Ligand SMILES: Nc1nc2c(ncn2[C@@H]2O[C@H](COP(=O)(O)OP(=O)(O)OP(=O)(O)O)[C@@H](O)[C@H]2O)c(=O)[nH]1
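In structure tokens, one chain follows: the form predicted alone.
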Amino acid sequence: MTTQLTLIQIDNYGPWTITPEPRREMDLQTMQSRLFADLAQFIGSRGGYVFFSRFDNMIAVTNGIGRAGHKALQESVRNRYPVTVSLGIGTAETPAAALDEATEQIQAAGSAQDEGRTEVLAGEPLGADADATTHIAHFDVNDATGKYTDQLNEFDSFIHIERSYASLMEYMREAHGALSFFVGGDNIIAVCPDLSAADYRDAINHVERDVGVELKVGVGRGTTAHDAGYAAKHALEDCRYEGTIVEFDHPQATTGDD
């Protein structure tokens, strides 16, 4: 399996936010949120996923989207916003390695704050004959409403959720080259290589030991992020129904660890 990731970077964004003078913060937040929403609609309609990351740099799973689709995305942003975006495409067996490649493609073209570097499109999408199977893991917090939302104020609830995200994000990145993203509520979506049930249980156990938050996860696979993510949602519902912490949308090979 090979993951295709696209790094989306707003061109020369830092200097733009203060030229000719500092712009109102809520105007910037509005533009960033609208841009993310448009990217999510564009990429999502083509079977991909995009995550807001730091907003000026966003990460997309773009298996099945070719160079023409990437060019159309750049044109859409240019026509609708006062900024442009550069895109770096990377492919590798692990999402982290794919992101490294995508990042290097953009960095080789110049600094993120180089006013002469605009609308870079670098890197090659997967070929038609490549194994483009994508694995998506959808985590959520066990009984987040009962433990946090209905018991604590919103900021303290947010602290607990963010601690679980930070713990899981770092563990999955270091242990497996997976990339995990907070997507709202108590939900975390991870783009993963092909991992076993034992691997996911180890990650969940790590988070509970580290920050005291209990998670469960549904895992799906597909040729696009949408297909894999939708399958993961169904697997997560199986966790809720069965009272388990790890479920897959597809049968797993039995090993001595499982």
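Predicted model, so just to flag it, every value in this text is computed and none were measured. Numbering starts at 1 and runs along the sequence shown.
FYI, the form predicted in complex with this ligand isn't displayed, but the following is about it.
Exactly one listed residue, out of R46, H206, K233, R221, brings a non-hydrogen atom to within 4.5 Å of this ligand in the predicted complex: K233. This chain appears without its partner; in the predicted complex, the one residue of Q74, N142, T118, T94 with a heavy atom within 4.5 Å of this ligand is N142.
Taking the partner from elsewhere, H250 is found to have every heavy atom lying beyond 4.5 Å of this ligand in the predicted complex. Put simply, L126 is far from this ligand in the predicted complex: not one heavy atom of it is within 4.5 Å. Mapping the unseen interface onto this chain, H135 falls outside it, with no heavy atom inside 4.5 Å of this ligand in the predicted complex. Using a 4.5 angstroms limit between non-hydrogen atoms, H70 is distant from this ligand in the predicted complex. Here the chain stands alone, but in the predicted complex its contact with this ligand, taken as any heavy atom within 4.5 Å, falls in 186-194 among 59-67, 24-32, 37-45, 186-194.
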